[in-house]
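Only one chain is included here, represented as structure tokens and corresponding to the form predicted on its own.
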């Protein structure tokens, strides 16, 4: 294991990525892991976070009763947790979306939650595995957090959907990552797209926003991460970028995991978010900490799913590490904007 870890470090070093001092990992990461959950839990990651009714509200993915040898089918809950300070989270006593309640008929599981508040309504974006493909969905969560209603589901295969927190020119907006194969030469080359809706149910006017080949630290796929945050300079957007490297061989519990997931950052025009104002040419976050590099289900993975802009200008970024735990990093909003706009 020691030699294998050293080999991984050497490979990551060969990419010549430059870490930025503008973002700081929370010193006591992770902020949520399986040991904190009062019901069956193994992997707690890809958690969306918003401020809701005076508290931080987190929706997290819980893969549980997981067999690393893949002898049993993966099971997934979506759980909720709250916090007064955005650091110390208390999970609810039971799952918000229970595996047994949805695992019937066509639906096999729901996962990867993203939270957004629009006009004081709380919305959940999610991925849904079905017997006929992977669908992206949007649901409205009831005000008392007692349940939800699904508003829309895409056709396969589309996922990583996030909603903008307000309408623009009377329309709702979402970012998404379709997963074409035939139309991209049979390769795993996926891009970030943007779509519009009059009612959160019917979506169209779709256009390519961020092509994979325009991101220098990706050779595989890019897509949305956390819902956008509005600043006085434009929409601050986190995205995920994936690099494949066959030299990585095996990383994590899977027999073969040859990908590195990083977080990217871009700034979109306030009034026309189909326009990219600027993009940071380095990964904002890439695997460096032990909980990102080792001992996880899928090592070398960072996936931000929540971003909260505080009144004092601090930005809290919540991200999954190693597809195993939920972590926190912070930055100043003006610093993130400066990374996107080269002066």
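As the structure is a computational prediction, the values presented were derived from the model and not from experiment. Numbering follows the first chain given and starts at 1.
The following text describes the form predicted together with beta-D-mannopyranose (BMA), which does not appear among the structures shown.
J.: Just one of 253-261, 81-89, 138-146, 202-210 has heavy atoms within 4.5 Å of beta-D-mannopyranose (BMA) in the predicted complex; which?
T.: Going through the listed ranges, the match is 253-261.
J.: Counting non-hydrogen atoms within 4.5 angstroms of beta-D-mannopyranose (BMA) in the predicted complex, say which of 32, 285, 43, 301 makes the cut.
T.: Among 32, 285, 43, 301, a heavy atom within 4.5 Å of beta-D-mannopyranose (BMA) in the predicted complex occurs only for 301.
J.: Looking at beta-D-mannopyranose (BMA) in the predicted complex, is some heavy atom of each of 167, 233 and 269 within 4.5 Å of it?
T.: Checked in the predicted complex: no contact with beta-D-mannopyranose (BMA) for any of the three.
J.: Is residue 159 one of the residues lying within 4.5 Å of beta-D-mannopyranose (BMA) in the predicted complex, judged by heavy atom distances?
T.: Yes - in the predicted complex, heavy atoms of residue 159 and beta-D-mannopyranose (BMA) come within 4.5 Å of each other.
J.: For residue 221, is any heavy atom within 4.5 Å of beta-D-mannopyranose (BMA) in the predicted complex, or not?
T.: Yes - in the predicted complex, heavy atoms of residue 221 and beta-D-mannopyranose (BMA) come within 4.5 Å of each other.
J.: Would residue 112 count as touching beta-D-mannopyranose (BMA) in the predicted complex under a 4.5 Å heavy atom rule?
T.: Yes, residue 112 lies within 4.5 Å of beta-D-mannopyranose (BMA) in the predicted complex.
J.: Since the partner is left out here, which residues of 309-342 would have a heavy atom within 4.5 Å of beta-D-mannopyranose (BMA) in the predicted complex?
T.: The stretch 309-342, when checked against beta-D-mannopyranose (BMA) in the predicted complex, contributes only 323 at the 4.5 Å heavy-atom cut-off.
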